[in-house]
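Below you will find one chain, with nothing else, as structure tokens; this is the form predicted on its own, and questions on how it binds or moves follow later.
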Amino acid sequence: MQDFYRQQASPIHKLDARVKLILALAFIFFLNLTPDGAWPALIIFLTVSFSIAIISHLGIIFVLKRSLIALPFFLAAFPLIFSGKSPHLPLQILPNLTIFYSPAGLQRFITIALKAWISVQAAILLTATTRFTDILTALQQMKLPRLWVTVIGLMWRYLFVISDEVTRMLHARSSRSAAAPGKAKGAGTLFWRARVTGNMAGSLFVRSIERSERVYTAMLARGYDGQLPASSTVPLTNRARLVIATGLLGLLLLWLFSLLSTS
């Protein structure tokens, strides 16, 4: 499992982590307040996301590849096409197959899909241009409760621990899996595969707990007192304050424009 951060010499990377965090959260907040069917505003939100990807030297292709993680949100909202508000119109797919869809549900689905996709892009841009340690420091400097920051930091670090355990287990399974001549390696019935997967999940749970206890013991031996070390608070520069104010004002105006475009 690799860090999401990508080192580049761009103006976005050089911004204070608090600036990027505040604007990213505000971007997602105003985006999700945008009413259904506000297509001009949603296109502007998408254009802003692509523009930041270009300015940060990450590239649109990089963001598009990583934003595929939003596909489950599309599938979750897909039934809205058929269960939306009346009227339901017929749509003939095959000569003997006709389905009924809701235009209001279709509009709702497309809006949710765009919002989820653009929101994921904003999160990708934040994590790709800001180190996670800098994000934690920004949260501390923004006076977020230290316990919350500690939980977020440990959760992130333990994701890598679990990922390492999964990788070792997959390597061990592969090294112990023999195959008869003419048969694919690891071939078996669906029930057998499900049983193996269940056994691996249970083993992963036990091994993760055991390793977490060893990690926690090592942390205590190094002076851990239940909270991450506090970071010194550095005041925001006037330039950073100006960037925040300009970004928030622009997002507010864009949201107001979305209200007008659907009225």
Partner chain sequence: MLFSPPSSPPAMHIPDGFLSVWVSASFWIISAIVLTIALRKTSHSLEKRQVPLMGVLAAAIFAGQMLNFSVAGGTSGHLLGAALAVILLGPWPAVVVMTSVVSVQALLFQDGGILALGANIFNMAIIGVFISYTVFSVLARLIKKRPIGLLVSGFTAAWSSIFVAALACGLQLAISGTSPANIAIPAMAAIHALIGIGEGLITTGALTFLLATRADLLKPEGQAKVSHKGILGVGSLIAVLLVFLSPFASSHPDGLEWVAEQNSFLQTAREAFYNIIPDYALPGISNSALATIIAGLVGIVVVFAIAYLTARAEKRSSAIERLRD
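Heads up, when I say rigid core I mean the largest set of C-alphas that superpose within 1.5 Å between the two forms. Residue numbers count along the first chain shown, from 1. Quick caveat, the model's predicted, so the values are computed rather than measured.
Below, we refer to the form predicted together with its partner chain, which is not included among the displayed structures.
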{"item": "Contact residue in the model of the complex, from Ala221, Ile209, Ile60, Val234 (heavy atom within 4.5 Å of its partner chain)", "value": "Ile209"}
{"item": "Interface membership of Ile152, its partner chain in the model of the complex, 4.5 Å heavy atom rule", "value": "yes"}
{"item": "Touches its partner chain in the model of the complex: Ser174 (any heavy atom, 4.5 Å)", "value": "no"}
{"item": "Leu25: touches its partner chain in the model of the complex, heavy atom cutoff 4.5 angstroms", "value": "yes"}
{"item": "Interface membership of Phe191, its partner chain in the model of the complex, 4.5 Å heavy atom rule", "value": "yes"}
{"item": "Its partner chain in the model of the complex - contacting residues of 76-91, heavy atom within 4.5 Å", "value": "Ala76, Ala77, Pro79, Leu80, Ser83, Lys85"}
{"item": "Displaced residue check between the shown form and the other one: Gly202, CA, 2 Å or over, core reference", "value": "yes"}
{"item": "Displaced residue check between the shown form and the other one: Phe29, CA, 2 Å or over, core reference", "value": "no"}
{"item": "Core-aligned CA displacement of Val215 at least 2 Å between the shown form and the other one", "value": "yes"}
